[in-house]
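The data below hold one chain only, encoded as structure tokens and taken in the form predicted alone.
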């Protein structure tokens, strides 16, 4: 029995926000953002549109692509770091919105590595015989991290008011992070089938000693109350990141994980057909590509159009590669990611 991806789908919000648009709100430019990240534009959700809403769109598309109905799904795994609510998780909200039958839903929080961890869970569920068809969703709405009260409403056409100099200065304080993120969702249907195609070796890692390298210190249940206006005003509800340390870890640990799954499968790295890397930063993607010694055509990317959509980057990228004809039968495809935790790993998939 192999775990086979039989359907993919994406859910993208309507607002396309360019680097030029961001430059109206903060001290930045298209060149500044492109040089540091490779990003040209990203999608922003509608006000009131959450990660579950985008996940529902992606899930419906993935089920339709697989030729399945809601009654065919046996379990749901939902990966996100931006849930609609503190409780419950997105799983039951998606179940209700899709009209799924009484099936278990699993909410996981491995941030940028969420889709990889979801693949591991889905594969284990199927290999154990517990479930035959698993719906795996990765979805994020990052825009609530951002200081929407400081003029961001103009980006999606809610307001035409001029941005004050004070607002522009305040927005600039967080530009190193806010320019990187976008909103979006991707989903896959994974089925157990008796065929050569399917998931191969998966290797996952966690190093909690690196937790402070990429974290968010506000909204903490170590505090009483767990969130305050002072935390928000101090920017503690925004992620903080040591960019140099994240870059070093990413270009070292992701290639190691790719080599691990290749060794386990008896596949040479240079013979891989595609390596799909978490879309956090084009410089990281290029660094991993160089470390693996692979040509650019084997390492596709779409970060320039979507930015970092965290748990959604890999399923969105895989879906687009399928749609573009880059994924063909008999290929060896590797997914790899690294994110807050630190969590990282890789998974080999035979198409």
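Predicted, not measured: the structure shown is a model, and the values here were computed from it. Positions refer to the first chain, counted from 1.
Only in words, not in the display: the form predicted together with a small molecule, which the text now covers.
Under a 4.5 angstroms non-hydrogen atom cutoff, the small molecule in the model of the complex lacks residue 137 among its neighbouring residues. Among heavy atoms of residue 244, some come within 4.5 Å of the small molecule in the model of the complex. In the model of the complex, the small molecule sits within 4.5 Å of a heavy atom of residue 214. Contact annotation for residue 188: none of its heavy atoms lies within 4.5 Å of the small molecule in the model of the complex. With the small molecule omitted here, the record of contacts in the model of the complex names 244 to 252 of 216 to 224, 265 to 273, 193 to 201, 244 to 252, defined by a heavy atom within 4.5 Å. Think of it this way: in the model of the complex, the small molecule has a heavy atom of just one of 28, 49, 61, 40 within 4.5 Å, and the residue is 28. In terms of contact with the small molecule in the model of the complex, the residue from 98, 146, 155, 180 that brings a heavy atom within 4.5 Å is 180.
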